[in-house]
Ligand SMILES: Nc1ncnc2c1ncn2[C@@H]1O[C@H](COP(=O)(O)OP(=O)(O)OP(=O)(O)O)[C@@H](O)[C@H]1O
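Only one chain comes next, encoded as structure tokens, the form predicted alone.
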């Protein structure tokens, strides 16, 4: 699904060179749940931008579903990003005068899907995050946790293989944050690969795997809750 091989990212800041990432290497399979942690300036946002096809590495290789991302032109990169990746942010980025249903439909409007298909898929996505009873409510009529679930539903409607969540619980209380993580677990159980940046160590430890960055380098790679292996099918038959 994802292969990151010795990835580095250097920015030129006037006469200075800033190494935001240095030799980052890891791989993920479909249905993996990865948390990326580290202090401010550690390279988390830079790595997320590369994984989301919003930026390119200076060195190394990023391979997404068998495609070497750096080999794509800008149009092909945008097509890959829009079709295979969903984004969830700390700020919900919902349009205030639109209902939950309309907010979730928006990516499909830009994609040119017929109205009936848009509504059906938006309703399915809202049901997947437990908001089937709130589809006519505008953001001001929803709690923070409900607004974030609308944002997750919006990320789901184009049926991405990967969801990138940048501090998705940062504006939520602990209970609402746990509700969002529960939604994430249901998504990964369905085969979605989920990558979450978070400063919350307790939330991070609920992922299958946690990578810590410092000064652009991976300093640890742990598995607090390893993904269960599928049954072998050999014994017990």
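Everything numeric here is computed off the predicted structure, so don't read it as measured data. Residue numbers count along the first chain shown, from 1.
Separately, the form predicted together with the named molecule exists; it is not shown, and the next lines address it.
Visitor: Using a 4.5 Å heavy atom cut-off, which residue among 31, 60, 41, 52 comes into contact with the named molecule in the predicted complex?
Guide: None of the other options qualify; the answer is 41.
Visitor: With the named molecule left out of view, which of 199, 56, 185, 212 would have a heavy atom within 4.5 Å of it in the predicted complex?
Guide: Selected residue: 199.
Visitor: Does the 4.5 Å heavy atom contact test between residue 20 and the named molecule in the predicted complex come out positive?
Guide: It does: once the named molecule is placed as it appears in the predicted complex, residue 20 has a heavy atom within 4.5 Å of it.
Visitor: Decide whether residue 45 counts as a contact residue for the named molecule in the predicted complex under a heavy atom distance cut-off of 4.5 Å.
Guide: Residue 45 belongs to the contact set for the named molecule.
Visitor: Which single stretch, out of 168-176, 61-69, 202-210, 32-40, brings residue heavy atoms within 4.5 Å of the named molecule in the predicted complex?
Guide: Heavy-atom contact with the partner occurs in 32-40.
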